[in-house]
Ligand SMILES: Cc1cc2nc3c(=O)[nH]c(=O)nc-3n(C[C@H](O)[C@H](O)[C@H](O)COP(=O)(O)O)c2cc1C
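Here you get one chain, nothing else, as C-alpha cells; it is the form predicted on its own.
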C-alpha cells in the first residue's frame, strides 16, 4: 500500500485529511467517530471573539438599565469571557483524553486586543496546535488595504510572544495584494496557512424582505479558488499549506496535493455523506496512487504547482479568451 503520511505544523499525520472547524467538531462523541473514520487530525469548533463580545454587549446593556456600577461592568465583562473560555478549555481536555489523533484548537478573531491572553489559556489545556481563523470583510470605506492587513500581523506578533505551540492562520482571499500578503504571513513565524476560510454569505427573502443565509455548505465548484492559490504559492511560502473549501471527493483531495498542499481540510461533504466518507476518500486516494505508481505523497505533491509548470501563465489567466473564441 502507498504511504499516506504527511507533515503539518510539525506534526506527523497518518494521511492528509483534516476535519475542519465546524459543528462536527464540537463534541467528544463526534470527534471519536471522526477518528474512527480515518481522519488524521481535527480542528475543534472555533471559539468566536464576535460571539463573546456580542454576548457581553447584550448583558452590559441590560446592566446599564439596572444602574450597575463600573465595578459591576468589569465583573460581568470578565465573567462572560472567562465562562466561554472555561467551556472551551474543558472541551480541549476531554477530546485530548478521548482520541489519539492531533487536536488543533481554533480561535475566530478579528482583533489583537485580548486574544493573546485567551490563546495562552487555551494552549495550557494541551492542544497540539492552534488555528487562527482571521477574517474581516473589507467593507469599512475609510480603511486602507494596509490597515486591513495589519490586523493579521498584529495578532500573529502578539500571539508568538505568548504561546509556543505551532500556529496556523486560516485566511480569506479578499485582498488587493493576495500573493504578497500570503508570502509575508508565511515569513511571520507561523507554521502553516489554511487557504481559505469561507464566510457567511447573505441572501434575500424577496417576499418577507429579510436577510437570510445563503449556501451554508460549500460546493464542488468552489474548489477552483483555493486550487489556484495553493498552486501559485506552493514552493514559495515559508510554512506549510492546508487547502480548504470545495473538496468533496478524492478527486478534489488529489488535485490539492498535486497543487502542493500538505494537508486538506474537509467539512461540507461530511454533512452531506456522513463522517464515514473519509474512509472512502482515503481508499480512492490509495487506488489512484497505485494506478500511477506513486509510493508516497511527496512523489506527486506540487507536481502541478505553478513553479513546476511549463506554462505558469495559465495559473494567472482570468479571462475566458480561448473558451469563448471557439474550438
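Positions refer to the first chain, counted from 1. Here the structure is a predicted model, which is why all the values come from computation and not from measurement.
Beyond what is shown, the protein has a form predicted in complex with the named molecule; the following relates to that form.
Checking 238 to 246, 97 to 105, 119 to 127, 251 to 259 against the named molecule in the model of the complex, the stretch whose residues place heavy atoms within 4.5 Å of it is 238 to 246.
Taken together, the three residues 46, 170 and 265 all lie with some non-hydrogen atom within 4.5 angstroms of the named molecule in the model of the complex. At a distance threshold of 4.5 angstroms between non-hydrogen atoms, residue 197 is in contact with the named molecule in the model of the complex.
The closest heavy atom approach of residue 211 to the named molecule in the model of the complex falls outside 4.5 Å.
Put simply, residue 294 is far from the named molecule in the model of the complex: not one heavy atom of it is within 4.5 Å.
Not displayed here, the named molecule is kept clear of residue 234 by more than 4.5 Å at the level of heavy atoms in the model of the complex. Among the residues 175, 191, 218, 188, the one placing a heavy atom within 4.5 Å of the named molecule in the model of the complex is 218. Checking 271, 300, 277, 288 against the named molecule in the model of the complex, a heavy atom within 4.5 Å turns up for just one residue: 271. Residues of 1 to 24 placing a heavy atom within 4.5 Å of the named molecule in the model of the complex, in sequence order: 20, 21, 22, 23.
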